[in-house]
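First comes one chain, alone, set out as structure tokens in the form predicted on its own.
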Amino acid sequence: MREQQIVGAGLSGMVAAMNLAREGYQVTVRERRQTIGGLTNLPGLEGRIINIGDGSPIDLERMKAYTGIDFAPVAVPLKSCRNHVYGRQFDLTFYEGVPTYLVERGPRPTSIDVYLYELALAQGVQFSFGDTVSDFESLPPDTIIATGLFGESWSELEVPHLPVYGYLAMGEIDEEDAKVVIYFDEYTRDYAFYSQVNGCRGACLFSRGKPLGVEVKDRFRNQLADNEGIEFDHWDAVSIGALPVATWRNPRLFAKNYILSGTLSGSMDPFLLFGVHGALVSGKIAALAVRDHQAGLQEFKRVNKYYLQGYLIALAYQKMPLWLLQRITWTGIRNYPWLAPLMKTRVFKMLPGFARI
């Protein structure tokens, strides 16, 4: 029986582990935290747990057929979203032809992380917790590296990346319903959001490439309180990690002697930074690459076909004059109800593998 190591017990790492276990591999997943979704050493959140909702359009039936995993038990439907866009409010009901879901990230039984962990255990996957990889050269060839936003992998494997900075607040709420509120405002060329799912809630304000001042956090905090009646007792300034959006050539399946998966591989929408869909798809591709490098590479290129287009859109968005950006964004969101049925899945074609799996 061939042994296979995977570094990182995130979404893509566990999808890869289960697919390889089904093929008869003896799989060990090495995770630096002590438990699934456990305490983090993320700067600004040292010793705390990240428990927050993460959203993405997903065709659950296609994803099940592609990965061999049924995500329906932990995918909570999201029917609408409130958007505050440069001082204007838009309440959008999502087009039913492109289903959107929230998944909970963290250590609770209702999270997608714990769900995948339990499935992986049932399929014989072994986990080594508290196992930090400090010497990448000691890893066997074709080890899958799936360390997500965090860690030293970016520099060690020479993967281009941008640091991400921001503010994060988390807590609990009595409501079980899924809810998302998004803010596009002049304080960042990215965005800020609030999400709640399964009784956990969180708010995040972030910027790729440069830190945000405390006055920016205070503005977003006050907007949430004034517009939505949402308040948190505590906000943390955090170095969120890194994003694979430094160059148009960021997506890569291989680095040195290793196979990359998830965020590290660049399997992410470079514009709005949706990461869940790409993580799940790339886990399957990483497992394929273990068995056949060329087949894995061909599939990786196919599902990331529109990365360049998304990168160029994101670059234009970052550089655009604010007055023009406001008008384009207002027009796009205002016309979403009739544009979405016309464009259908093409709206999200920049998500790795969306409508292509």
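Note that residue numbering begins at 1 and tracks the sequence as displayed. All figures in this text were calculated on a predicted structure; none of them were measured in a lab.
Just so you know, the form predicted together with a small molecule exists too; it's not on screen, but the next bit is about it.
Q: For the chain seen here without its partner, which of 305-313, 30-38, 63-71, 319-327 has a heavy atom within 4.5 Å of the small molecule in the predicted complex?
A: Going through the listed ranges, the match is 30-38.
Q: Have a look at Val197, Ala287, Met268, Leu260 for me and say which one sits with a heavy atom within 4.5 Å of the small molecule in the predicted complex.
A: Checked against the cut-off, the match is Met268.
Q: Would you kindly say which of Asn222, Ser155, Gln89, Thr132 lies with a heavy atom within 4.5 Å of the small molecule in the predicted complex?
A: Of the listed residues, the single hit is Thr132.
Q: Can any non-hydrogen atom of Ala279 be found within 4.5 angstroms of the small molecule in the predicted complex?
A: Residue-level check for Ala279: yes, a contact with the small molecule.
Q: Would Ile50 count as touching the small molecule in the predicted complex under a 4.5 Å heavy atom rule?
A: Yes, Ile50 lies within 4.5 Å of the small molecule in the predicted complex.
Q: Is it the case that Val7, even though its partner is missing from this view, gets within 4.5 Å of the small molecule in the predicted complex, heavy atoms only?
A: It does: once the small molecule is placed as it appears in the predicted complex, Val7 has a heavy atom within 4.5 Å of it.
Q: Residue-level question: is Asp59 within 4.5 Å of the small molecule in the predicted complex, judged on heavy atoms?
A: Asp59 lies outside the contact set for the small molecule.
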